[in-house]
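This document starts with one chain, in the form predicted on its own, laid out as C-alpha cells.
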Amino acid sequence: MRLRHIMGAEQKIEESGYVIKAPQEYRGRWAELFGNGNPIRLEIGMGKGRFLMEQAQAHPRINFVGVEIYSSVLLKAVQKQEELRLANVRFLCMDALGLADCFAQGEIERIYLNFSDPWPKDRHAKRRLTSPRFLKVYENILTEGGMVEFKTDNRPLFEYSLESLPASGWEILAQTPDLHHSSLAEGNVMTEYEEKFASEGKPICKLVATKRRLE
C-alpha cells in the first residue's frame, strides 16, 4: 500500500500533546500519565482513529493508546482528537515491535488488530502483526488473561493467524469467518475499512485469543 505523504505531518505530530514522544520513559508508569489506574487497551495500526475514538467515548473508564507507524496516517487521528479532546486517548508513532520497551508486563489489558497489512508474500510473513515475533511482544505486555482481538477482510491472513496463534502458545477463544452474521457482531465497532468492505459485501473475519496458561 502506497501512502501519500502529508507535508508537515511530522512537525504537527511533534507539537501535539496527545502523541507521547518518549514512551519508554513511561514504562510501568502509564497510570501516572493518564492520572488514573484504569485498564489500558492498545490498537496497533489504528489508521485514522475512528475505531479508537468510538471505543474511548463508549468506555470512559478505560484508557486507549493508538499505535501507528505512518505519520501521515496518524495525523488524521491527531486532528480528530484535537477536536474531541478525549482524556482517555493517547497516541504513539512507532513500530509495534518496540512496544515491550514502552509497556511493562501486565500493563495492557487488550490489544486490537484491525485490518492489518496482510503482507501476502511468504518472505514477508514475519511482518504480519499475528506472526510469532509480534505475538511475543504482545505476550510481554498483556495482563494475565489479556486478549488480542483481530479483524480482517483478508481470508489468507485469517487462516494464517488461526495457525500461528496456537503454534505460539495462544488459545483462540472465539473465531468466525463472517463477523457480521455471527454472535460476535454484538457490540462490534466498525473501522473505516470495515464499513467500506462490508458495504461491498465482503465477509469480515474475526478472532479473539489469549495467551495459553502453563499447566
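Worth saying up front: this structure is predicted, and the values here are computed from it rather than measured. Position 1 is the first residue in the sequence shown; the rest follow in order.
Omitted from view is the form predicted together with a small molecule, to which the following refers.
This chain is displayed without the small molecule, yet in the predicted bound form the stretch 89-97 from 139-147, 89-97, 75-83, 103-111 comes within 4.5 Å of it by heavy atoms. The closest heavy atom approach of I62 to the small molecule in the predicted bound form falls outside 4.5 Å.
Taking the partner from elsewhere, M46 is found to have a heavy atom lying within 4.5 Å of the small molecule in the predicted bound form. Mapping the unseen interface onto this chain, E10 falls outside it, with no heavy atom inside 4.5 Å of the small molecule in the predicted bound form.
Proximity of L42 to the small molecule in the predicted bound form: non-hydrogen atoms within 4.5 Å are absent; the residue sits far from the partner.
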